[in-house]
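As structure tokens, one chain now follows by itself in the form predicted alone.
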């Protein structure tokens, strides 16, 4: 009788798979990693798998031995809108409903270091987060919320100094000393140059600010996480899991190197470093990513010879994907968020934010925010997800995928090292290029139907009744903030303020000064966020990145798509008729730096044969119109993500009329609530493209608009 060995059984199982119709026994993931139909002990042997345990190096299975068995993850909801008073009311409701920590979203004017009354930001005030102009706003934001008991996370990078300083001073005036504050400040400027773009200063002084914040908080705020190294925004910009993993770890190593070179002992600050990852719809890959991140961070930190084990432990917050949410059939988004939340929990996150079902349309409403929060409560209290530590530990598939992801990330990190480190690589455009290529590939696979999005490119349903969404009255918020600023400036000691601002500017020229400490003095004197920022701009200047798009990536995956072919044919016909190709200026207006949509549409239209100009970030309408006229474009395509379209689009169209450029058409794409369509069309917008609109469909609509004109 024949003895069957393990390899024999595996071979028989694979033969059975083939007989059942499996054309291939593996599929390639977005990261270029083959996902096998069947895994076995042989795969673990191939990667040299060594069993590990949670709470012990290399922490693959979790940073704590007990994980959720004794204490579940922290429920956080990223929120903030309108004025500080309205956000405070919302925060109190969330805490009463079971939320355990606050994560503050600031508006884009605050992110970019502008006061609400600055002429460049009228459309951004209060729209994508809460407007904070001074300590007075921060005190209102946390009124009645005990900051010695409540953990507060703040997503702030460019204007980190005045915002963190205002938080510290507001706590002091609430009676809470610095050493009792718990929470996290993002303070991750490198990823801003890669993807999110809410930077203010050039890279070198920005890195100094990061180090000053870490140095000050490590000494005076030992319970506070002084940086949250973020991969989330990379994923939102199009990065696959390997890119997000590699560049997040790479950013972290760059910060550690920066601070240790300033003379701080690794164990003095590294235990308070934290991370922030996005969690998308690739369920198994996302679990592997979090396991891989802990392993890779442990390995990379050994170069710095830490003695405290906590210095090598990666602790992370996670947020479900905003990009995966669809405008079409939006209740499907509840399912997507649940799947992503489960992946974060099974991957071992320390805290979690779940996105609301309507976030592809607008800011979350009270109704949708409650569903998002309850999603976590149900997973935590109604399921058995917290009964077992790292349930996937030892899984043939998961352990293999974790190692493959680590190896893929190491290849990307080697490229960064060869460029001289992350800062130099960013200045050379290396990470940005890889992320934008990945984004173009991902969009092409959605547009050609390779990647299914239920309700968007497959199993579509008739349009549902419109959701009731949150609509911020930007004009009312703007008036309220202007009035508060006027009162503040009228009642403060102006001489004291100006002296503190002069000291801050002087400190910017002194490498030995700590800029957070100096900014705290300015905010105590009641300087504003904008004034503190300008005091630094006098020395550092404002940074303006170059705008470009990748080419031929989108078209490579769409060349056989019938709609792509038709759009390409129509572009060629337009060229023959008019003697030139259709020309479009892709513009971002206001302070919204989320340019994934703009870059992808620019790349796709260029591959279709359009002549494409990309406007610099942070344009005001007058600047975009001037560029459009100078470049003799047919169309201005505005990409909007932050809700400022009702203010800025009418201004743009008025500018075109004033300049006598009636022939230039305006189209808009992005996060546009359906109930705003009629208003925008009445203002003269030629076409509106919501989330999920295939690029060839956009191209055909633009061509129809131009041909009807001629």
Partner chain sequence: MMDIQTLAQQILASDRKALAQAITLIESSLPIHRLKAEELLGVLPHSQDTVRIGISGIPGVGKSTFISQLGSWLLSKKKARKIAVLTVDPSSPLEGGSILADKLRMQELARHPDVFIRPSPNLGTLGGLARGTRESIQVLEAAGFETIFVETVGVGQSEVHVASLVDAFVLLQMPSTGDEWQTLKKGILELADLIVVNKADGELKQEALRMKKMLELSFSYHEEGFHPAVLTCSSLENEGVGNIGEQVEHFIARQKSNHQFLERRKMQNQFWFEEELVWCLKEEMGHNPHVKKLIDPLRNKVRKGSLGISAAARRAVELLLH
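Positions refer to the first chain, counted from 1. All values derive from a computational prediction rather than experimental measurement.
Missing here is the form predicted in complex with the partner chain; even so, the following discussion is about that form.
For residue 285, no non-hydrogen atom is located within 4.5 Å of the partner chain in the model of the complex, even though that partner is not displayed.
The partner chain is not shown here, and in the model of the complex it never comes within 4.5 Å of any heavy atom of residue 509. For the chain shown alone, residue 331 is not a contact residue for the partner chain in the model of the complex, no non-hydrogen atom being within 4.5 angstroms.
The partner chain in the model of the complex is approached by residue 663, whose closest heavy atom lies within 4.5 angstroms of it. With the partner chain omitted here, the record of contacts in the model of the complex names 544 to 552 of 383 to 391, 492 to 500, 320 to 328, 544 to 552, defined by a heavy atom within 4.5 Å. Of the residues 414, 149, 307, 580, just one reaches the partner chain in the model of the complex with a heavy atom at 4.5 Å or closer; this is 580.
Checking 525, 606, 176, 258 for any heavy atom within 4.5 Å of the partner chain in the model of the complex turns up a single hit: 606.
Residues from 613 to 638 that approach the partner chain in the model of the complex with a non-hydrogen atom closer than or equal to 4.5 Å are 613, 614, 615, 616, 623, 626, 627, 629, 630, 631, 632, in the order they occur in the chain.
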